[in-house]
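Below, in structure tokens: the form predicted alone, a single chain.
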């Protein structure tokens, strides 16, 4: 699991009034190369010092840098950073966050930690804070992102809480990264406002999809899981507004003990009432945040619901809907649905356990969240024949 933030990072040369900086890491850029004020050199040895522009990013020779050069001592845990990566730096606090990694297929922009849900299994517990500065940072960072980036996520908290700033961020992504697919994670409730939904679809991004959770076919159960009265009704109506405007919508279902018994009924509900959505994701639990705190009450072994998962996936597929299974190990699911199982866990938090090293289908299997390797299915075992399943 990669470290994406650090505090107490040594810095030198920054003016005392310097607040947050957005910096793009460059590797051995010659003096003739055009650099922006946000560019900094990744200094790995003394030979690089002479070509460093105004901002200098440091790896091994922090103390050797000339007086007057702005410098940051990169923590060893972040030695994976490379050319084109983008960081946010607060010199006065020595605080550093990684915003973007050029060589990663799993980049997401966290736009807020605020949320109007309090989900039992939330992996990013909400905070009631003023964090509007994040939008300011991202507006500076997006123009620095490589135009070759295939996909980028927008997440929170609840991104739509930002209102017009959220919509502005999507416009900035469209302007600077027109070839980059954008995947927004939202609870969908803000789109119950037809004007907001219309403003979203009017952005006309060429490759934009919003993933919205529906956790049950019964309103009271969905509302209990997200800890918000009326959420089910607003979410469904928000999806209807989005689809009426031509937006692409994915429905996401995290499977926990509270909703597993109605998983098949939820599949029937979606096939009957929301057959026009673009994708259904049946998702395993990420054991972090509230999910860790509530683990004993929400955890269910995937091997104990493989029948429900199989029936739900096959029913949705037979109904003509695109369906995927996320965050499940192949040895815990029926071989009949292996073809819709995806390697969905972001690279920075993906892990495998020793048993996986002997598995014939490891390359096809999504593995584990690094936070969930200690609580996993009792049926985890190496598949020795790629044509067999334990389920």
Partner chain sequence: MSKFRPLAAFDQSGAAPYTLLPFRFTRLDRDRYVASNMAGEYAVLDRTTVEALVKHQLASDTNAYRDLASRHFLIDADSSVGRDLLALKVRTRLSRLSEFTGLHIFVVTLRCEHSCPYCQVSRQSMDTEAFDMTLNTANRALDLVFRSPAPHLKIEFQGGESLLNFPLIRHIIVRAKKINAAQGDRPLQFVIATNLALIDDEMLAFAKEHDILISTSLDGPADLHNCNRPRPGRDSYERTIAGIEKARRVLGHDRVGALMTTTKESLRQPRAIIDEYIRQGFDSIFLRPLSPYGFAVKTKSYAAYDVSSWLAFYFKGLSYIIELNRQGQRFVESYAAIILSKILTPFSSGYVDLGSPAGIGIGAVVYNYNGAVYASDEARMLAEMHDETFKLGDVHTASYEDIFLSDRLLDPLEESVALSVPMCSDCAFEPYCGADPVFHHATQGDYVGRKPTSAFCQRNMAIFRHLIRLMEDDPEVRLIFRSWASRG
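Numbering follows the first chain given and starts at 1. Everything quoted here is computed from the prediction, not taken from an experiment.
Absent from the display: the form predicted in complex with its partner chain. The rest refers to it.
Taking non-hydrogen atoms only, residue 268 approaches its partner chain to within 4.5 angstroms in the model of the complex. Contact annotation: residue 273 falls within 4.5 Å of its partner chain in the model of the complex, judged by heavy atom distances. Though the partner is left out of this view, residue 229 does reach within 4.5 Å of its partner chain in the model of the complex, counting heavy atoms only. At a distance threshold of 4.5 angstroms between non-hydrogen atoms, residue 250 is out of contact with its partner chain in the model of the complex. With its partner chain left out of view, the stretch that reaches within 4.5 Å of it through heavy atoms in the model of the complex is, among 202-210, 180-188, 216-224, 106-114, 216-224. No residue of the trio 257, 355 and 357 has any heavy atom within 4.5 Å of its partner chain in the model of the complex.
Contact with its partner chain in the model of the complex, defined as a heavy atom within 4.5 Å, holds for exactly one of 261, 76, 164, 136, namely 261. Of the residues 131, 233, 193, 278, just one reaches its partner chain in the model of the complex with a heavy atom at 4.5 Å or closer; this is 233.
Taking a 4.5 Å heavy atom cutoff to its partner chain in the model of the complex, the contacting residues in 94-127 are 118, 119, 120.
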